[in-house]
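Here you get one chain, nothing else, as structure tokens; it is the form predicted alone.
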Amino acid sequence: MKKRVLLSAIAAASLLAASPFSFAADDTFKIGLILPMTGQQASTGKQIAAAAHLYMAQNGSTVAGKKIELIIKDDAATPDVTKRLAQELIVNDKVNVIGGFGVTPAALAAAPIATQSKTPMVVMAAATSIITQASPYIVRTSFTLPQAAVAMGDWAPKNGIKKVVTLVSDYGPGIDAEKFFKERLIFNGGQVVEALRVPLRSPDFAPFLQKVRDLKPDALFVFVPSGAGAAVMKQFLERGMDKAGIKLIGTGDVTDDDQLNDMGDGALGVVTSHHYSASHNSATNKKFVAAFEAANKGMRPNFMAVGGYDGMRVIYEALKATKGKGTGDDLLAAMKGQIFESPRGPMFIDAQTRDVVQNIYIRKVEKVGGKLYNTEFDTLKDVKDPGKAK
């Protein structure tokens, strides 16, 4: 019995390891996106899927003689499901690249599959620093929380904010945001009087916000996943924390472009640090936003959309560079070092870390043309992930 199980395991491993080479005689290039299309992070999946479809509509579905096939699978941000879907996409669907990954645990679950099968894995959303270290086949086109958190840790104390309470979702990105914001704030002469962590699943911000009000800090620094910002904003305002003189600051997730207009005028003046705003003032971004909104009625692109859009670009350009004939290793090599103008501004994929290097912007919520936008007013150029700088 043991021998049969061992032989089955060897056969499965061999099939997984062989899969990148099975497409050589095929005229189809398959991209498998694993996204949370349902559940708490559904807005992330919908934004990335919409952006991927837009990129294909604008750039064609044939590259270097290969017909591009996009396969989207819903993992509901559940790591066990992510892992199974990654295996199925590589072994059964014989995809050439996997991408997406709405949350860090999902990306980490798929990483060993990418390594074993030598399949490039383009992370378009998840933002914990360690992700690219989980597999040599991971390339990231989203951002890292340390990039955004350090920028706010510099800005806040220079603008009269010295005493801060942090409130983050209790998982990888939140812990990164808390750590790097706190380190930089203290370095600049500020203090974190309390560090609060909220459960990722079924979060209730109310008791935490009441504690913040009682502590009376200069500001509350917040990180929550894309899609959860509206709940924080609503409860922050309901408790009159703004009227009590407590400022709300954070990474850009809290004033997510996808939800910002639903937050109401109470969001006006909230300052955040992030790598993308729908109001970013460039010709490339204006074209992107107009096309995205035309193709997706009622949706405004957010930072998840730009991660997906740029992720598709990185894949397309790698396929062109390998003339449609590359193995997983060839594609990976062609992804490293790509430099281009994104809707977010200039960016490149660091050839050593395979992580994104980009501008980080300080933004304030303002009303423009009757709508709320994150208006950029300061720029930190070419920011590498501080989590890898040590």
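We number the residues from 1 along the sequence you see. Quantities reported herein were computed from a predicted structural model and do not represent experimental measurements.
Note that the form predicted together with 3,4-dihydroxybenzoic acid isn't included here; everything after this is about it.
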In the model of the complex, does S226 come within 4.5 Å of 3,4-dihydroxybenzoic acid, counting heavy atoms only?
yes
Can any non-hydrogen atom of Q147 be found within 4.5 angstroms of 3,4-dihydroxybenzoic acid in the model of the complex?
no
Can you tell me if P173 lies within 4.5 angstroms of 3,4-dihydroxybenzoic acid in the model of the complex, counting non-hydrogen atoms only?
yes
In the model of the complex, is there a heavy atom of 3,4-dihydroxybenzoic acid that lies within 4.5 Å of any heavy atom of T104, even though the partner is absent here?
yes
Exactly one listed stretch (89-97, 209-217, 302-310, 152-160) reaches within 4.5 angstroms of 3,4-dihydroxybenzoic acid in the model of the complex by non-hydrogen atoms, and it is 302-310
Taking 3,4-dihydroxybenzoic acid in the model of the complex as the reference, which of S277, S117, N285, T128 has a non-hydrogen atom within 4.5 Å?
T128
